[in-house]
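Take a look at this one chain, the form predicted alone, written out in structure tokens.
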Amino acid sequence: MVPCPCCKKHIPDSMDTRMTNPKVAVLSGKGGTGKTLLAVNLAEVAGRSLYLDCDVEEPNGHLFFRPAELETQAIQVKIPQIDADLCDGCKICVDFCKFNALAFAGSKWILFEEICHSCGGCTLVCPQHALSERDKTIGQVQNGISEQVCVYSGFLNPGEASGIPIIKKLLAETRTADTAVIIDCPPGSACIVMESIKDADYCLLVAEPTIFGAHNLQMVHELVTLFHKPCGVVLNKCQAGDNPSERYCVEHDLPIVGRIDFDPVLGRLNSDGKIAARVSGTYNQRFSVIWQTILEETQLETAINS
């Protein structure tokens, strides 16, 4: 048994340890494309690995891994509070807040906690120093072990404005990890996705074989290009006939690192909460081929940059 580099729990030392340990972010332009399917199975075939579920608004990777030895940590942010005796009602803090989280009703100062972004600016601009900060819990991070995978999941409380503080906490676990890291990103291309990919070595884009799928592929491709991240595409739910997402890859010189057919067997395993690469030798092989291709891509990128 050896200690997991991120949470110090013990996992079997007989598991395969790769020569390279990239941080791979898995993302897609919308939900339901197969992002978690890829992320969970790649973490399984990567050997000893770290899986981060950064889709904090609706995390579901833990439903597949069912990690043991669970530990939970509350995540807090700072929000303002007022000393009414010092406040003179100047409303400078209200004018400063671009999120409209502050207001005055008559002479009463009001904070709308649900839309406060915890920037701290209102406390800085108050000329009477009437504002200070207090802690507010916005969610939690949960971690545990599932065979050779160290599983971290973020959970944002309903109604909160932003999950970025939780994502930052999750990504902090990668700084000391000496294993492969699989980052299961939120869907889309908003700021929480940007936060999730900023430290990634490689971005894996998952796309469906439809015009809508090609449009969403374009969204995330433009995002990773903006961040100058090397990337490849997995075409999921492939069937016979035209594939607009594949056509987009060809037109934009995007490497296709894998194809997954539309398969009722895989769909059934996934809907039953099973990790296909863990229970099926056939799918273990298929996802292993995708993982090896990713390793080759990251090694090539490293060689080019050096």
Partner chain sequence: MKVAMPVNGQSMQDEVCESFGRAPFFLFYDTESEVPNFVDNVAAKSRGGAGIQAAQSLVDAAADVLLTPRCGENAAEVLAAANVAVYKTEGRSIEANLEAFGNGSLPLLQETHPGFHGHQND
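Positions refer to the first chain, counted from 1. In this text the structure is predicted, and so the values were computed from the model without any measurement.
One more form of this protein should be noted, the form predicted together with its partner chain, which is absent from this view; the next part is about it.
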{"query": "Interface membership of Asp199, its partner chain in the predicted bound form, 4.5 Å heavy atom rule", "finding": "no"}
{"query": "Proximity of Ala177 to its partner chain in the predicted bound form, heavy atoms at 4.5 Å", "finding": "no"}
{"query": "Glu57 within 4.5 Å of its partner chain in the predicted bound form, heavy atoms", "finding": "yes"}
{"query": "Its partner chain contact at Ala130 in the predicted bound form, heavy atom, 4.5 Å", "finding": "no"}
{"query": "In the predicted bound form, the residue from Phe212, Phe96, Phe227, Phe112 that sits within 4.5 Å of its partner chain by heavy atoms", "finding": "Phe112"}
{"query": "In the predicted bound form, the one of Gln81, Asn100, Thr72, Gln76 near its partner chain [non-hydrogen atom within 4.5 angstroms]", "finding": "Asn100"}
{"query": "Stretch from 118 to 126, 134 to 142, 216 to 224, 189 to 197 whose residues place a heavy atom within 4.5 Å of its partner chain in the predicted bound form", "finding": "189 to 197"}
{"query": "Interface residues of 148 to 162 toward its partner chain, as seen in the predicted bound form [heavy atoms, 4.5 Å]", "finding": "Gly159, Glu160, Ala161"}
